[in-house]
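The chain below stands alone and is given as structure tokens, in the form predicted on its own.
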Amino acid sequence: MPDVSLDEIEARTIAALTRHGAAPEVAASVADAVREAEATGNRICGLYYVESYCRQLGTGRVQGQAVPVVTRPRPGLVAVDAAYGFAQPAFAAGFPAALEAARANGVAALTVAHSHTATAMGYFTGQIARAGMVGLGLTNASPTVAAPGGRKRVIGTNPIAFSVPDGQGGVAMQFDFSTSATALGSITMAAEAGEAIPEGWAVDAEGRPTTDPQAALKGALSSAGGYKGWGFGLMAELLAAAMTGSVLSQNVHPLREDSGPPHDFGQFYLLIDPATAPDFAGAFGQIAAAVAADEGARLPGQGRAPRDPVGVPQDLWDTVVALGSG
């Protein structure tokens, strides 16, 4: 497994995406997200997706030349139409206006409609926190999750991320998780490796718990925490899809298929200005101190430092390099 620098990962991703039809600024935006995913050990949202991106650029399932359209329907709402392009440049297009709205109103919503998969939501809420705002982000995904006690795929893994600023241009706390017991990519990777999965991750086609990833791929994922995770997943579905006019999870085709309808996902972000609170920093500091006083405990995301270089499986790296060559 070679060690590859983040600069090289970013450059090779840009080369691959532009060679397959993405505009330079679009490729750079997506590559920055791939870079962060690899730096933070989130392999499923990093280079793992690059081949799929390239194939779907070639078939037109994602529009690599799309220009996002930003509107301001209400003082506290910024809406972006991604035009069936990538989520990263769509967010970037609307983010400055959303920050302005949050500073003026104390809180603002940023919605992204009709986008390709956003992968890691923490990539976006982290940017919100580094700009000094508390950030909440939600998105929907392809249908993989059954209701507790059921077996039919109704919603996606529907990730939620939450980031808190540290007041110095950084992130004091961040969590980013699927509302399912695991991400679909974890099941896929286990199936490719011939490895079993933990019980509780998924059910088979008959609704029975299974540790066989192949059976899980024919069945459905389980919600994290049962009914609790199911409720959060439904919340993400309604905010990300229904509130933006994007497609419901149950109507999305498999994410990594080369051809087919655009993903057409939505994302919903909430930006909250901590300056509106009596003493947000002080309250957060008390919580952080209580956690720190408990040996072995930590806040979500605390102490996580980007890795550079990172180990990349040889076959994956060879594929990415080849996609950008020629």
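From a predicted model like this one, the values you see are computed outputs, not experimental measurements. So that the term is clear: the rigid core is the largest set of C-alpha atoms that superpose within 1.5 Å between two forms. Note that residue numbering begins at 1 and tracks the sequence as displayed.
Just so you know, the form predicted together with another copy of the chain exists too; it's not on screen, but the next bit is about it.
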(request) Quick one: from M235, V171, A97, A83, grab the residue that has a heavy atom within 4.5 Å of another copy of the chain in the predicted bound form. (result) M235
(request) State the residue from A224, A131, A215, A92 whose non-hydrogen atoms include one within 4.5 Å of another copy of the chain in the predicted bound form. (result) A224
(request) Would you check, heavy atoms only and a 4.5 Å threshold, whether D273 touches another copy of the chain in the predicted bound form? (result) yes
(message) I'd like to check something about S180: if you look in the predicted bound form, is any of its heavy atoms closer than or equal to 4.5 Å to a heavy atom of another copy of the chain?
(response) yes
(message) My question is simply whether R103 lines the interface with another copy of the chain in the predicted bound form - judged by any non-hydrogen atom within 4.5 Å.
(response) yes
(request) Give a yes/no on whether F268 approaches another copy of the chain to within 4.5 Å in the predicted bound form, heavy atoms considered. (result) yes
(request) Heavy atoms, 4.5 Å, another copy of the chain in the predicted bound form: which of 83 to 91, 134 to 142, 194 to 202, 118 to 126 makes the cut? Say which one. (result) 134 to 142
(message) Does another copy of the chain, in the predicted bound form, lie within 4.5 angstroms of each residue among P148, D294 and R298, using heavy atoms as the measure?
(response) yes
(request) Check each residue of 272 to 286 against another copy of the chain in the predicted bound form and list those with a heavy atom within 4.5 Å, in sequence order. (result) I272, D273, P274, A275, T276, A277, P278, F280, A283, F284, Q286
(message) Is the shift of T244 between this form and the one not shown large enough to count as movement, that is, does its C-alpha move by 2 Å or more after the core is superposed?
(response) no
(request) Using a rigid core alignment, state whether the CA of L184 is displaced by 2 Å or more between this form and the one not shown. (result) yes
